[in-house]
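In the form predicted alone, a lone chain appears below as structure tokens.
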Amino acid sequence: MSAPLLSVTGAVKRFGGVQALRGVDFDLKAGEVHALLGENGAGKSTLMNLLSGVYTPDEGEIRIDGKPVTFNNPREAQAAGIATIFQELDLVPSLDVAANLFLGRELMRPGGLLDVPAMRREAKKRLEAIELAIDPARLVADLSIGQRQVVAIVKALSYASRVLIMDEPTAALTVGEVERLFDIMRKLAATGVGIVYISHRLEEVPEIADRVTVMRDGRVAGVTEPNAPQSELVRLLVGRPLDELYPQRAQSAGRTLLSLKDASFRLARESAGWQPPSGISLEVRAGEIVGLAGIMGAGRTELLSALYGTGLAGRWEGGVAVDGKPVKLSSIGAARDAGIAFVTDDRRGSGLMLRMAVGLNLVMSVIRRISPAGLMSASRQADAIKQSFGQFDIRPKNPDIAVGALSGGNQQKVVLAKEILGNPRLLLLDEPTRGVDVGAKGEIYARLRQLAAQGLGILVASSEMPELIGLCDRIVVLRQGRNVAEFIGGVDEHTVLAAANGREA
């Protein structure tokens, strides 16, 4: 058998007293999509940084085509044919597509002028090579997240053409964009490109991967086939069975906290692609977690944002009551006065101030409480931060570091803790575990169930069907802005999907 395209043997990497990699073996074949799974802190990023030339191993060996190589910097890795696309794309939004593709390697005319037409012609060829119809003159800022992801792939392939490392490439993509990305990945693999695919979305693994390596605590926990049961992947990831991720459901529920009776949200101005709630009737009671299911465009996010007043301008019609009292919910202030808190699906874009310290992010929602007479109380601030760190086990336990430096799971804990500090009666959650590893998901699920047990009502929208089925007491199915079915938690997934798609199970 021929040597693997890329292999790592016995990789060890230490950072001070912390051993990030403990003798890792990993290999990639030409034309293979090799999924790499692991919780935050498992060692995936460190391993990829070794392959990308960001770090050098303390022990172990890297080989390409069976020949030992040493990378002292990313340029040397790129020269050897390895390119990495990180979760935070290295594109410049204010430049057009062609300029991004040639950034740092611009084509020049005699006299030192940029040859913009030549760059756009070449960019068009590269985009068309993967059947992507994007005008090279368009600003990156005007592209969808999915289109930006593909532009980043084209840019990476212009540096290297043998190994492509993709870190969480689908974290912010729609279902359609994910399908398009997978199609591109398959075509690249068919040309002989080896792809390392890092993801927290276990349900995607059988769709795209040829092989799966799972890491835990700096070691390889196992190598398996992509069609391995999800329960087996979870056991390798966290060292415990899948059913232990979801806490026991509520045995009873209290008073009704949210009541919608034939409620509709009338937009001040129609907006294409925004599905307003229409004739919705549902309840959320104290002590229970209610899930919102539905295909893309069903109106899950729109319902939550309209309840919180953070969506498009408009007004509610029909019966809308919180804790038995009719409310208008015309703004964020009105929602918060009614005891409603909201966790957005975009923690980095609208849920956190990434450059601010963790502690300051946590107290943003309770500024009035910790600032009597308009002056910040250091002791009250410290108490609030201590409470959040204790309740959500945010790591590292340092309130002074920038929240943007935390892992995705710990950032999500900060977003949740920030809203809980306001002592809401009703918590709205939109994709609460997007981009979060399995272990952190389990922690978040346990904390949500504890909060519900304390009397909080929770309404959660999620595109992850196992999450809704395992976590929620009831599941309300939306279609075209309306609720069309309701099921008890633990229902068969096919039954929910059938209702969401408008057909019998």
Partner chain sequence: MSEQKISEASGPVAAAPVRRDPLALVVRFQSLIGLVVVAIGGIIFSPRRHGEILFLNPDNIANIVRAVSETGIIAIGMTFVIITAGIDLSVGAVLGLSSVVTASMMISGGFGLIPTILAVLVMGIVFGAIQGTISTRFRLEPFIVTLAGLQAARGLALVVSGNQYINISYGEGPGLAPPVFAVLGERLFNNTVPVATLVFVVFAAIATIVLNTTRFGRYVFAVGGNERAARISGVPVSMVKISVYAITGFAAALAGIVHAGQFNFGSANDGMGYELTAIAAVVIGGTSLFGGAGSMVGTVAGTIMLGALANILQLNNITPAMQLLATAAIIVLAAVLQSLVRRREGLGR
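Given the structure is predicted, the values throughout are model-derived calculations rather than measurements. Numbering follows the first chain given and starts at 1.
What comes next is about the form predicted in complex with the partner chain, which does not appear here.
Undergrad: Looking at 424-432, 283-291, 336-344, 151-159, which lies within 4.5 angstroms of the partner chain in the predicted bound form, counting heavy atoms?
TA: Partner-contacting stretch among the options: 336-344.
Undergrad: If you check in the predicted bound form, is Arg216 within 4.5 Å of the partner chain, heavy atoms only?
TA: Flag for Arg216 set to no.
Undergrad: Closest heavy atom of Gly404 to the partner chain in the predicted bound form, within 4.5 Å or not?
TA: The answer is yes: Gly404 has a heavy atom within 4.5 Å of the partner chain.
Undergrad: Taking the partner chain as it sits in the predicted bound form, is Thr301 near enough to touch it, meaning that at least one heavy atom pair lies within 4.5 angstroms?
TA: Output for Thr301 is no: heavy atoms all beyond 4.5 Å of the partner chain.
Undergrad: Although the partner isn't part of this model, could you tell me whether Gly359 comes within 4.5 Å of the partner chain in the predicted bound form, counting any heavy atom of the residue?
TA: Answer yes; at least one heavy atom of Gly359 falls within 4.5 Å of the partner chain in the predicted bound form.
Undergrad: So which of Val223, Ala382, Leu173, Ala321 gets a non-hydrogen atom within 4.5 Å of the partner chain in the predicted bound form?
TA: The residue from Val223, Ala382, Leu173, Ala321 that makes the contact is Ala382.
Undergrad: Can you pick the one in Arg266, Arg368, Lys325, Arg255 that has a heavy atom within 4.5 Å of the partner chain in the predicted bound form?
TA: Filtering the options by heavy-atom distance leaves Arg368.
Undergrad: Residue by residue through 295-313, which ones have a non-hydrogen atom no more than 4.5 angstroms from the partner chain in the predicted bound form?
TA: The stretch 295-313, when checked against the partner chain in the predicted bound form, contributes Tyr308, Thr310 at the 4.5 Å heavy-atom cut-off.
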